[in-house]
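Okay, here we've got a single chain as structure tokens, the form predicted on its own, with questions on binding and movement later.
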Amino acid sequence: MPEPYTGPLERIDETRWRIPKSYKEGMRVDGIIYADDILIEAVKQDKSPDQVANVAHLPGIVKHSLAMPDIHWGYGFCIGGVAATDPKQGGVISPGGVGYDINCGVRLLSTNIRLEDAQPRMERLVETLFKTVPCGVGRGGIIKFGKKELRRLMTDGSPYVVNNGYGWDGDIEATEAGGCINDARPDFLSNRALERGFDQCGTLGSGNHFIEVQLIEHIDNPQAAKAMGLTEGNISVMIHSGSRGLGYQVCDDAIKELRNIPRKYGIDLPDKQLVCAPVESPEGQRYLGAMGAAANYAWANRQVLTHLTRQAFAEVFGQPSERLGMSLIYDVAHNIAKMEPYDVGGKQTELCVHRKGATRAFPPGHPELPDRYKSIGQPVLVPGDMGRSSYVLVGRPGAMEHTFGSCCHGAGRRLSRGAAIRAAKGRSIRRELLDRGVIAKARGRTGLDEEQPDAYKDVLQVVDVLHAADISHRVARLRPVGVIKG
């Protein structure tokens, strides 16, 4: 059992709790956790609040060390952690603030298919998706890229694969950052990272990654839903994957390479998992370049997965995916660090924003948004679990003021994978999901067990906290009807 948190938590208001910087010597800012009365009790069951306090020690950290309501224990940073550092004030970049699955993220596709038309074909659709999309540990992709192509892919991101026939022009505009970090440096990757990524672009992977067919069950914000192309009663498709073994290796390599760098720059850390380097140092720039290459790989991966998903739908429904209305609504990254401008003391300052199990949530009018979303704010995609619901939100001005334009990324785990597998003993999770109206298929023996609904918090509680805090507002509720996993 994890040890509970016993440190201070001071209530600020209905949605925020403070860990004062007096809690630990060396904290430069307070920690802030977003949670309600129920969620905060779950938060206290492990040491993730201590990780929020530890992040507050990082040089150059601005305003607060933050955690979203889906917070749980992670490597260095908690999952759900957000922190921004100022490079001009010695601000650092920490691989633990990005995570091992660099640019793990989610994208959502619309369709014009009504549920009543999809249900008779749902079993075949799930089987076809499972056959078409490579999933599971170590599974290689159907679409192969040579070594030279792989480097171009990591330099140019999803536009490279779209321009090679694996997507539509509108896909690029509907992807965060246009699907490409411009300063990516594939030449900074180790041979091992390149080997692991060689045949995995266009693969789903395992763990919590999925492709989910969902019913648009309820609309909260008709104006925003209309702008996104969400229609109540239609089905949509959510795709969740990241940078696969390549991203894992980039993170693993960086943690080893940076092991002694804090000492070189006179940085004292309360946890060795927070290894870091000043953003403007050669070591910091090297990690950012490698991370950018892995992030671009992840965007390309989700783009190819989109192409394969459209193929599967076209096969099952006997129509081109264009006629099925399978447009990309949006794609957001969950594990990334990016340079973004924010107001700090009345001055626009370029900050290095770490989002570890957190997603971007820019408000209406933000210059990075596509024109069709300028009036409503950025779509924010929050997966729940296989048996309940996921949510589409939009970013609000409060995100820019309080959370560096950030929001939660999911429901957040309540049980570890091992605990979830033990809890599933003697049960058929597949049968339980079927009783809820969800057809699920997984390649791994324990895939459904470790991702069962009981393993996660109630996503509605999580999104309600950020709705109440004016960080992001609810647009639509999506109920799963078909799922494939690794």
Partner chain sequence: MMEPSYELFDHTADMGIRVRAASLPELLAPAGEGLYAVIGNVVAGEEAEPVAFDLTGRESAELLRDYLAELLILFERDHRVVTAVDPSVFTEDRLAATVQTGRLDAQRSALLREVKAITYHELDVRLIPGGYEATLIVDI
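Positions refer to the first chain, counted from 1. A quick note: this is a predicted structure, and the numbers were derived from the prediction, not measured.
Keep in mind that the form predicted in complex with the partner chain is not shown, yet the notes after this line are about it.
In the predicted complex, at least one heavy atom of residue 205 sits within 4.5 Å of a heavy atom of the partner chain. Using a 4.5 angstroms limit between non-hydrogen atoms, residue 413 touches the partner chain in the predicted complex. In the predicted complex, the partner chain sits within 4.5 Å of a heavy atom of residue 255. Taking the partner from elsewhere, residue 323 is found to have every heavy atom lying beyond 4.5 Å of the partner chain in the predicted complex.
Annotated contacts: 73, 195 and 444 all touch the partner chain in the predicted complex [non-hydrogen atom within 4.5 angstroms].
Considering the partner chain in the predicted complex, the lone stretch of 176-184, 245-253, 326-334, 278-286 in range is 245-253 [heavy atom distance within 4.5 Å]. Here is the short version: of 234, 132, 389, 200, the single residue with a heavy atom within 4.5 Å of the partner chain in the predicted complex is 200. The contact with the partner chain in the predicted complex, taken as any heavy atom within 4.5 Å, belongs to 419 out of 42, 460, 434, 419. Residues 100, 101 of 95-111 are found to place at least one heavy atom within 4.5 Å of the partner chain in the predicted complex.
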